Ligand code: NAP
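Here we start with a single chain on its own, the form predicted alone, put down as structure tokens.
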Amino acid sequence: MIKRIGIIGLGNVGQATVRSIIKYSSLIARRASVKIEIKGLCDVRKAKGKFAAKFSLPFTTDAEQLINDPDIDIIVELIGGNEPAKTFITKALKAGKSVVTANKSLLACSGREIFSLAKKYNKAIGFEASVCGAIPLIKSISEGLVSCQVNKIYGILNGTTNYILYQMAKERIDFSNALREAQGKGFAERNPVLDIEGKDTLHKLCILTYLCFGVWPDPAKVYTEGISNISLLDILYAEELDYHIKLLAVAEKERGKLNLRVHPTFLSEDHPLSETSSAFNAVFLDTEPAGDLLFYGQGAGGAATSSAVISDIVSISLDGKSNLRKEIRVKFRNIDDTASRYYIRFMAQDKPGVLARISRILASFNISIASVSQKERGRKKTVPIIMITHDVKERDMKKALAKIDALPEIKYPSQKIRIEDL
């Protein structure tokens, strides 16, 4: 069987996909009886034509040439972003072509519309590469766990943030230095805001929510908090308490409602997710009847992600089906109604009575303290006060910290990090 493809976008993933198809074409043909033939490459940057010329492949700067080419069966969209990617995918489906994409942002924002269009035109959408790079997560959920109910998802879905937090702990460096190191090694973009503010993780969580629970959440309504406010102090105090800090994506179905959130989290150092190092990704699923499952591997990078792109091309070639499921109606729990334990760090003047005032405010919001410690005075005559709470609702914690931060003895905004007891 021969499948002819056109690739739009020749960034790291696009180029790696071309190289992998050429390098492993014989292996793919032996294992899947599919020959992938690249009929054309497209990129708005004319300079990318040099890359195409190395492999004697047709090149264009006009995506419509590939979309309207009757000899092309599958369009591979690897440009990212919402537009013009959405327009290209829409036109490709209407032109009778199946689509493979790694575009998590587009799917998170417009997945319902795109999948409905694919169903209307009886075409397939492959999106394995949109979440966790090389990890075959989407196929495992949609096919391998077809008889299972997923109750909870906990995921480290962004390699950049995981690398930064890992290096902060390993090298004892602050956030800004760890970010510069990540950028120097190619783990972080020049403008890393989507990663460090949690947006990339949010987009992937939206896709997993659809796969596991059958609903497309509105990204704008999912609580999302990044890691830019995590200090080395927090990393060190977490270790003292036998925790590691990770940027965690959470989806929990409880009493008929979905609780979705993205935020830095204290995880016990004994939990497998806590051991996810460097730029790796990991996803922990609580399922019935399969039990607890852990998926781990390379979550980014051109070469790793190209394996997921090619997997989708082969799957569509063999059965032409998408990993689509019927959407259902589900209610979402507001973050203010979510309860958890918290780590809190106050930076206070070293004066008598400060700890007592903080404790009285917390008590007035029914916040119970499990442990408290006051560290040695720093050069600025402020001391860190570290507290671990029992379960408390988010809304009560917000109100209490706003009141505490208004005290004249508190010199910096208080830090709060949720504790997940997995």
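We number the residues from 1 along the sequence you see. Just so we're clear, the structure is a prediction, and the values are computed from it rather than from any experiment.
Heads up, the form predicted together with the ligand isn't pictured, but that's what we're talking about next.
In the predicted complex, the one of Thr201, Ser98, Thr276, Thr305 near the ligand [non-hydrogen atom within 4.5 angstroms]: In short, Thr305.
Partner-contacting position among Phe175, Tyr343, Tyr210, Phe88 - heavy atom within 4.5 Å of the ligand in the predicted complex: Result of the distance check: Phe88.
Contact label in the predicted complex: Asn12 to the ligand, heavy atom within 4.5 Å: Result yes; Asn12 sits at the interface with the ligand in the predicted complex.
Heavy atom of Lys104 within 4.5 Å of the ligand in the predicted complex: Flag for Lys104 set to yes.
Non-hydrogen atom contact Asp43 with the ligand in the predicted complex at 4.5 angstroms: Looking in the predicted complex, residue contacts with the ligand include Asp43, since a heavy atom lies within 4.5 Å.
Leu205, heavy atom within 4.5 angstroms of the ligand in the predicted complex: No - in the predicted complex, heavy atoms of Leu205 and the ligand never come within 4.5 Å of each other.
Location of the ligand contact in the predicted complex, chosen stretch of 247 to 255, 264 to 272, 67 to 75, 293 to 301 [non-hydrogen atom, 4.5 Å]: Careful reading of the contacts points to 293 to 301.
Sequence-ordered residues of 66 to 84 touching the ligand in the predicted complex, heavy atom within 4.5 Å: Contacting residues: Leu78, Ile79, Gly80, Pro84.
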